[in-house]
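Form predicted alone, single chain, as structure tokens, below.
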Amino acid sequence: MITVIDLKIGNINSVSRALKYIGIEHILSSNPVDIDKAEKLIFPGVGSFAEAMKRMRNQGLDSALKQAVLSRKVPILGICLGMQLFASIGEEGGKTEGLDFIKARVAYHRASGLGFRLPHIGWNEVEHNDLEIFDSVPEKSCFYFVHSYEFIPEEQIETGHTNYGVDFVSFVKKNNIIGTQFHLEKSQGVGLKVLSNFCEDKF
């Protein structure tokens, strides 16, 4: 069973609707027991890094996720804030320790210093380097973004990139840990295909 982590931040129902549309059975939960039972995890989110980490710690979700992802190697897909929470440190809402799945930091997007408007909202190309999870998705396909912070890896991992004033990391993969800065559930056919590929073990 796929468990979609529900921190009550953002529109989790849009992810659920996307999964239903492609015929994927799943549950929405913030219960550590469901994390322990999950065969795969999807971690969507919109909102503050600091607030999300606070909610996870209050519910014991951070420990449950670390056990599942790092010890049992359960595949996890983070979307937008969900991906950012994989980092070691986030600066949104005050400097806050993240899940530390990937040695990385999340900082205010560098495009702000070049006169680009933040949040970065809209459709942009993703250079995905033909990574397996993008099977049947053409290189430089456009996906939908809504964010003001960027994920900056500090270790060697697989990445995809997008240009918004500067080239920034919009996709990450480290073993069973996968993240997209773009919203798969809002990216129409290409987003649904990536979501489907994850659910079908194409990563």
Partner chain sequence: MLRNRVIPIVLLDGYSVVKTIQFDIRRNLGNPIVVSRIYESRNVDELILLDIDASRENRSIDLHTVEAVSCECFMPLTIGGGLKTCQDIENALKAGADKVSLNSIIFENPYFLKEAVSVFGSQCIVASIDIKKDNSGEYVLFSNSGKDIKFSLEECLSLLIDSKVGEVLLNNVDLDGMMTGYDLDLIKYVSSRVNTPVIAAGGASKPEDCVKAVKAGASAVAVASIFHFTSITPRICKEAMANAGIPTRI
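These numbers come from a predicted model, not from an experiment. Numbering follows the first chain given and starts at 1.
Keep in mind the form predicted together with the partner chain is missing from the figure; the text below concerns it.
**Student:** Tell me, please, which stretch of 83-91, 69-77, 115-123, 97-105 lies within 4.5 angstroms of the partner chain in the predicted bound form when heavy atoms are compared?
**Tutor:** In short, 115-123.
**Student:** Considering non-hydrogen atoms and a 4.5 Å limit, does the partner chain approach residue 163 in the predicted bound form?
**Tutor:** Output for residue 163 is yes: heavy atoms within 4.5 Å of the partner chain.
**Student:** Any of the heavy atoms of residue 157 lying within 4.5 Å of the partner chain in the predicted bound form?
**Tutor:** Answer no; every heavy atom of residue 157 is more than 4.5 Å from the partner chain in the predicted bound form.
**Student:** Is residue 152 close enough to touch the partner chain in the predicted bound form, meaning at least one heavy atom pair within 4.5 Å?
**Tutor:** Taking the distances in the predicted bound form, the answer for residue 152 is no, it never comes within 4.5 Å of the partner chain.
**Student:** Does at least one non-hydrogen atom of residue 47 fall within 4.5 angstroms of the partner chain in the predicted bound form?
**Tutor:** Answer yes; at least one heavy atom of residue 47 falls within 4.5 Å of the partner chain in the predicted bound form.
**Student:** Just to make sure I understand: among 165-203, which residues lie within 4.5 Å of the partner chain in the predicted bound form, judging by heavy atoms?
**Tutor:** The stretch 165-203, when checked against the partner chain in the predicted bound form, contributes 185, 186, 187, 188, 192 at the 4.5 Å heavy-atom cut-off.
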